[in-house]
Structures are given as C-alpha cells and as structure tokens.
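A single chain comes next, written as structure tokens; it is the form predicted on its own.
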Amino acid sequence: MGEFLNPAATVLILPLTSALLLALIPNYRVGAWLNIIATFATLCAAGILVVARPAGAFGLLFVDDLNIGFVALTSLVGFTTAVFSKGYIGHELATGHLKPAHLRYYHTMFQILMGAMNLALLTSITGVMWAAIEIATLTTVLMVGIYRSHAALEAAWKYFILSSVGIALALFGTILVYSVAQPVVGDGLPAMTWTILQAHAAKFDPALLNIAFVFLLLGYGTKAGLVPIHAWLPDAHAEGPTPVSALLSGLLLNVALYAILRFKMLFVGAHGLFSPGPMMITLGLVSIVFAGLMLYRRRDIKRFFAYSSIEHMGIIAFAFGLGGPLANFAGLLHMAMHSLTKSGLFFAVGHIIRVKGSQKFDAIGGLTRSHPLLGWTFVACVIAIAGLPPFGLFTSEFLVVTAAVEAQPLLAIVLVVGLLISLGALFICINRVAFGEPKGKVDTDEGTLLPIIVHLAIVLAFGVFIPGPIVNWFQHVSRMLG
C-alpha cells in the first residue's frame, strides 16, 4: 500500500510545501523559477502515479482510473502555465501594469490552487472534495483581482458572490447525500466515503437522492460555467491575468465537472432514481447555443474565449448526459482535449496582449503580418478549438455528434446547429485578429511560444492517432460512468 500511496500523497504535499516556501520569497524572478520547479516536480509525481495505477481507497485518498487521468492532466497544464506565467507576469511587472506588492503571494496562490485541485480529485471524502473546491475558488478570486483596478476588483467580487452561491448549493447537496447514507452505513466518514457510498447506493432513499443531485448539479454546475449559472466566468477571464484564465478554463472547470461525474456514478448503482441525463443534456444544449450566440457580440478577446469555454463545457455536459460507452468516451476525450487546447489558446492570447498592449479586437488585427510566428500559431489554436481536423477536438466532437444521432436524433440537430454557430464566430475571430492590416502597436518581444507548441502537438497527435492503452483506459472509465 505504501508504494501506491506515496505518489498520490506527493502530488498533494509538493504544492503545499512549495506554497509555504514561496510565501517567504519576495523576489518575483526567484519565485517564478521555484514555481516552475515545483509544478515540474508535481508533474513527475503525477507521472509516477499514472505508471503505478493503483486502485482503491488509501486513508483519506481514493485513486482510480478516472481521477488518475485528471491528476495527470492538471499537473501537465499546471506546469506549462507556470512556464508561461513567468514571462507574462514578468512583462506585466516590467511595464508597470502590475506592482511588486500585488505579486507578493502570487506564486503561493498558484501552488495552493494546484494543491486544492489535486486534493479535490484524489480525496475519498465528499466533504473534503467540497472544501478543496472552495479553497480553489477563494484562491482564484484573489488571483482574478490581482490588478487591483476597479474592473478587476468588480470581477473578483462577482466571481466570489456567484461562486459562493454555487458552492453553498453544492454543500447542501453533499449534506443531503450524507443524510441519505447515514441510516445505511452509519455516522461519520463512512457516509462520506466514495467507495462505501457506491457499494451501498442501491439501499439509499431515492427521493432524497434525487433532490441531492439537483443541488449538486446546480452547485458544481456554477463552478463549471454552465448556463444559466455562468455569469461570473466571462468577467473573471477578461479582468484577471491571462495565466489565471488558462487555469480557470483548462483545469478548474474540469474539476467541477469531475465532482458532478463522481456523484452521477452513485446513480448507476441506485434504484428508483430519475435519470440525471436529461438535466445535463438540457444545461449542455442551452450552454452551447447561448455561448455560440454570445460570441458574436464580444469586443474583448479574453471575454470571447471565455464564452468559448462555456460552449465546450456544454458539449461535455451534453455528452455525459447522453451516457453510454460512446458518449462517455467522447466526453472524457473532449475534457482532455479542451483543457490542452484552451489553455494553449490563452497562452497565445497572452502573447498577443503582450505585443499589442490591448485585448480589444479593434487593436490587434493583422497579426500574421506583424508577428508571423505568433499569428499562425494563434490561427492553429483557433482551428483546434473550433473542432476542425486534424486536431483532437474534431475527434471528440465527431464522437459526441455520432452518439447523439444514435440516441436522440432531434437533439443532435440542435447540437450541430450550436456547433456551427460557434464555428462561424471563430472564423470571424481569425479574420479580425490574424489577417488584414496590422493594428495597434508592434512590440517584437513575443516571449517563448514553447508551451503553446507543446499543447498543440499533443492535441494534434490525439487527432491523428489515440494510443491503444489510452483508448482502453478511456473505455474502462466510460463503463464506470454508466
């Protein structure tokens, strides 16, 4: 047991100890390098965890094929974001947009966020998962408001208020699950432990469990950015630092969806429950169509891609709402591909803001002429997020549509229409940003594009060929989800 527990515990201990160390270091450059080293060490520990692939509960930790994949993805994106953050935040500091006093605990919060997300993924206790997501929420609230401008503080406050409402609903749902389990498995931790809950789900009171899932879906759905409980997300992306946008869209939304999936798995073994599928399908389709339409009204590039994240969360919710081996496989693949693609896209947007000095569409045109490498990299990122071949999101969206055609042909029509609406907006975005006469200032200091290229390479590789072991892994998790 010890050799299996150590990698999982290390994934949690490294960010915590790194946060304590970084809190003592006032120098930004030293802190940035230590932040990179810490996230790389966490990535190595996650790699060991993937290779070991333990299964079962180990104390307060719970490891299975579902959360191992999420931990690996979280650690990878955390590392590449730390690399991107070093240059981006350093440039903001050099240009006076950020002051040293604002960055005193930036890297500490970065590590707390990474540790909290991994704790939410690995804990075996429902209440601990809720607390970890709450810690991640509070940390990102502070990071969103780091510019200390009126708009940034307003966005952080809005994020705090709406997320608090969502997390309160999730807490109530968690308490209801505990109250349902308590008469069956006893008081205390057994009534909050995933393995015990799943083993005894068939004995739970279906009426209360139905109500609990409604609160859980609305609560964690707020954190996932599903419409109509999404309003915090565009402001938080637009006003916060771009590395935080990458972490929000690439990771934290996934963690919230993971929480929904964990509770949804209880319904697989329970009797007399309504299917959670229709609720997830409805929220998913509404999110897809609404976000697609809102893309056409955006004047800010970060706000634009925030709505794109809402759309993709809708696609994932729709896939898991359909359920079944194919739809679940597609949802898992889409979560992974979206995390890598959207975080890489926000890296590109960060570089654009860096060289153009603005995040408004009117000030960042003609990028392929003024900054050819950055411009064409951005074009590739947008093509990837649009779900076009040969990138991985094309594969996942094709599978979602295929599953919808087989299960609910009429819903498939709505899905495809929503995807086409978003596709049109993304083509307009490419035309406005990448082509035409250059606009705005021209700063030749682009910074390193390596994190973007790494993400694009992985997404491209998955679009061309998914390795057999990963296919088997995803298929097994798809069966677990029911």
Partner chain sequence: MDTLTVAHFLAGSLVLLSFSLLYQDRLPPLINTFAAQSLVLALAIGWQAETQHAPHLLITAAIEFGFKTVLIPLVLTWIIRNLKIHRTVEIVVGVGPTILAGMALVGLAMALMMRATPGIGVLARQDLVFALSVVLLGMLMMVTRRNAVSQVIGFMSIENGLVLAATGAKGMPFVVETSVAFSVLIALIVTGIFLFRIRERFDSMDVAVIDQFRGER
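Residue numbers count along the first chain shown, from 1. What you see is a predicted model, and the numbers here were worked out from it, not measured in a lab.
There is another form of the same protein, the form predicted together with its partner chain; it is not shown, and what comes next is about it.
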Using heavy atoms and a 4.5 Å cut-off, decide whether 260, 401 and 404 all contact its partner chain in the predicted complex.
no
Can you work out whether residue 275 and its partner chain are in contact in the predicted complex, taking contact to mean some heavy atom pair no more than 4.5 Å apart?
no
Contact test in the predicted complex: residue 235 vs its partner chain, heavy atoms, 4.5 Å
yes
Can any non-hydrogen atom of residue 94 be found within 4.5 angstroms of its partner chain in the predicted complex?
no
Wondering, does residue 168 line up within 4.5 Å of its partner chain in the predicted complex on heavy atoms?
yes
Though its partner chain is not shown, can you say which of 325, 100, 372, 183 has a heavy atom within 4.5 Å of it in the predicted complex?
183
Which residue, 196, 411, 153, 73, is the contact with its partner chain in the predicted complex, using a 4.5 Å heavy atom cutoff?
153
Going by heavy atoms within 4.5 Å, which of 337-345, 310-318, 285-293, 159-167 lines up against its partner chain in the predicted complex?
159-167
For the stretch 200-233, which residues lie within 4.5 Å of its partner chain in the predicted complex by non-hydrogen atom distance?
205, 207, 208, 211, 215
